[in-house]
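One chain is shown next in structure tokens, namely the form predicted on its own.
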């Protein structure tokens, strides 16, 4: 195999990835009516496991069917456990080497009101949704913790507690959430959501071998968005995201997958386009700054790099 650094092993927590290629999580819509993997889901992941990337993230799997973005979205609740165990066993039989990390998600204001409840911590113009109470947000944290426990018992190597791309974690963390409540207003209250989430998940799954981390949006690129200077500003300010990473490290994060943007609003920032590759270079900046905070204890993973391929963004 090539001597390229990409093809060398790396230690993540107490586990070893055979190489540094990472398949990022996506949000698909081919689960069965109960939120279980369908034959089409299984075939997609069989192909990914055959590809031998060192780390494979399971697509955004919802911790609740009450509020979700996709009609046929994978879910991770008690009734899904047997199907998910069978699914994991099939992937391990295909290739036992990749680390398999599951991205746990709650859609919040990105939930589709046609078939689920759209909810919000502070309604964003054009989206809105039912305003959540503090008790409801605490219940959502409990749902994440239960889902992490299910993932552990199904044989996942770890979980990605999603804090990116405009989904629920982003909605709480962004400066736009200036509402006066337990997890709103001052940064110290907004970041506490993520800290409480990590602490409750670690309590639910105390095994130190189980990996916990997050995909994090460093700059959302909308006024008041994650990584912006204030509730009405779109100016980039990385002080809050970097402080978040420091706090997650202190709470036992094993990895951070650095990202940016919001696919619903700033898709070119989240998924760089080879026709306008400028945004892709920002991801190098975000990863460099994240590594300054996280290294060497926490592994920093990158995203939005696929357009570079062999170094020719226009090919």
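Residue numbers count along the first chain shown, from 1. Computed from a prediction, not measured in an experiment: that's the story for all the values here.
Although not depicted, the form predicted together with a small molecule is the subject of the following passage.
Check: Is there a heavy atom of residue 164 lying 4.5 Å or less from a heavy atom of the small molecule in the predicted complex?
Finding: Answer yes; at least one heavy atom of residue 164 falls within 4.5 Å of the small molecule in the predicted complex.
Check: Just to confirm, residue 59 within 4.5 Å of the small molecule in the predicted complex by heavy atoms?
Finding: The answer is yes: residue 59 has a heavy atom within 4.5 Å of the small molecule.
Notebook entry, point to check: With the cut-off set at 4.5 Å between non-hydrogen atoms, does residue 27 touch the small molecule in the predicted complex?
Noted result: Because a heavy atom of residue 27 falls inside 4.5 Å of the small molecule in the predicted complex, the answer is yes.
Note to self: Does any part of residue 147 reach within 4.5 Å of the small molecule in the predicted complex? Heavy atoms only, please.
What the structure shows: Output for residue 147 is no: heavy atoms all beyond 4.5 Å of the small molecule.
Next item on the list: Could you check which residue among 254, 262, 259, 67 gets a heavy atom within 4.5 Å of the small molecule in the predicted complex?
Entry: Comparing distances to the small molecule in the predicted complex, the residue within 4.5 Å is 259.
Checklist line | Which of 245-253, 269-277, 30-38, 46-54 sits within 4.5 Å of the small molecule in the predicted complex, heavy atom basis | finding: Looking at the partner contacts, the answer comes out as 269-277.
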